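Before any questions on binding or motion, here is one chain by itself as structure tokens, the form predicted on its own.
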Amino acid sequence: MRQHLVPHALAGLALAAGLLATTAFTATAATITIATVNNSQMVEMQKLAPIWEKATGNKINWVVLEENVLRQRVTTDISTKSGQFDILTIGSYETPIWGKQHWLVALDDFPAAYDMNDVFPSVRQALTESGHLYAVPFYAESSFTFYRKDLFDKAGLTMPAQPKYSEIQGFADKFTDRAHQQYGICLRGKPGWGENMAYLDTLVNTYGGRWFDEKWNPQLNTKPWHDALSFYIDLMRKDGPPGANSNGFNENQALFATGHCAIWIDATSGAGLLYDKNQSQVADKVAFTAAPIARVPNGSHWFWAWAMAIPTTSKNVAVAKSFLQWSTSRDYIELVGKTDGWTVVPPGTRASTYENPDYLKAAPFAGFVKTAIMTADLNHPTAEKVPYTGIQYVAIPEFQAIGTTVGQMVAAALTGQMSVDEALKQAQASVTATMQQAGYTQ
């Protein structure tokens, strides 16, 4: 830890000790293994974790993985009950499904000092199944549009408060300058149900599409899907960076932070790093607005919570709960703000964060992000009626495989290995077969 941060580290140690002193759990010293994603907020958690280790006498073995690999590893671990991990970083998609399977430890017995009522009710609900909380949120997010205000000002252009995709396309065309490695737009292209499909799902939604009709019949080979995918591929080929099929959230965040993207539509959680002058070359040039819409507003911006859960196979449940209480607490958020700056604190989980004047002063995006999270409607993700919940995913166990397979076909269409028509035809056939085998349709 940096030298000038030592006083804050000591303060964090006191915060950790104070919170842990009120806990109902008696934890003997142990080493726990935590599987997490390599996003910036989790890297920060790993950096600060020695404070908790010193306060409790416990140790952490970190397994930090790229998003797609993390999901594969933790899914395999929990479904086979191999018990490699004591804490899993999962999301609002997996938590209710795995909780229903009794694969996760219920977290209903956190002490009063944790102040569960401070956690936004919609975020708690997304991590709850049958009245039991099965994961605690590390951060929550929606999606919106980042853009380079300096480039817009120089060109005499104004980004609308509610942009349309046709307008985004026009802006991206104007700002693409490949000779200087400046790209009009950066969008996810890396295949995966939580990577390229997270973004593409919102695009399909706002084009009026859906994954399934009310009887669970797949709807991928339809005009809204065709129009959305065609728009995405045309835009990315004309105005996106080279090798876009390898770019997910982290890669595009890095491109934007180093000045290579004029527009980036992605997770609101990316704002903290982009506004951090220690990590972003465009911290004083970035602005934001709502996620774009095409034909309908439904499902144009997503909801997601990265959360931490304890598998029932863990042999260190008490110690794991102790760490979860510390790392998702109000005190932890204060520690991050005082240690590395308020722009990089985990967003979207606690009301107290959005009442903190230090955070509100440092993070101009705070109120906008909170509104985006609160207005993302998981129960009405599309203009037409659907039998599922979820905006950028479908909350059924089969979706992880379905979304990954379709994501690979979308990536193949992006790279020109198959046409849009062929990609959607194959996607429709694959999803139809899976749904029939799973008993959703005949």
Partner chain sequence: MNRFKTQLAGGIAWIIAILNFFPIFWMLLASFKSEVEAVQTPPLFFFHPTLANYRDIFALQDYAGYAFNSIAISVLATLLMLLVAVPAAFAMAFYPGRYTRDILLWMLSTKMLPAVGVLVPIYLLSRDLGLLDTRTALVIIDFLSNLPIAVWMLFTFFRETPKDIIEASRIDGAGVGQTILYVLLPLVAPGIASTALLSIILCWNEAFWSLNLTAHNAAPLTAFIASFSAPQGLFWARLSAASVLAIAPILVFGWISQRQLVRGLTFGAVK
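Please read these numbers as outputs of a predicted model, since none were measured by experiment. Numbering follows the first chain given and starts at 1.
The form predicted together with its partner chain is left out here; the points below concern that form.
Proximity to its partner chain in the predicted bound form, defined as a heavy atom within 4.5 Å, singles out one entry of V369, L273, V119, M236, which is L273. For the residues S166, N217, Q101, Q181, the 4.5 Å heavy atom test against its partner chain in the predicted bound form is passed only by Q181. For a residue to qualify, one of its non-hydrogen atoms must sit within 4.5 Å of its partner chain in the predicted bound form; none of D201, A294 and I391 qualifies.
The closest heavy atom approach of A283 to its partner chain in the predicted bound form falls outside 4.5 Å. Contact annotation: A254 falls within 4.5 Å of its partner chain in the predicted bound form, judged by heavy atom distances.
For Y139, a non-hydrogen atom is located within 4.5 Å of its partner chain in the predicted bound form, even though that partner is not displayed. Taking the partner from the other structure, its partner chain in the predicted bound form has no heavy atom within 4.5 Å of any heavy atom of A29. Only one segment in the set 257-265, 355-363, 201-209, 105-113 has residues whose heavy atoms sit within 4.5 Å of its partner chain in the predicted bound form; it is 257-265.
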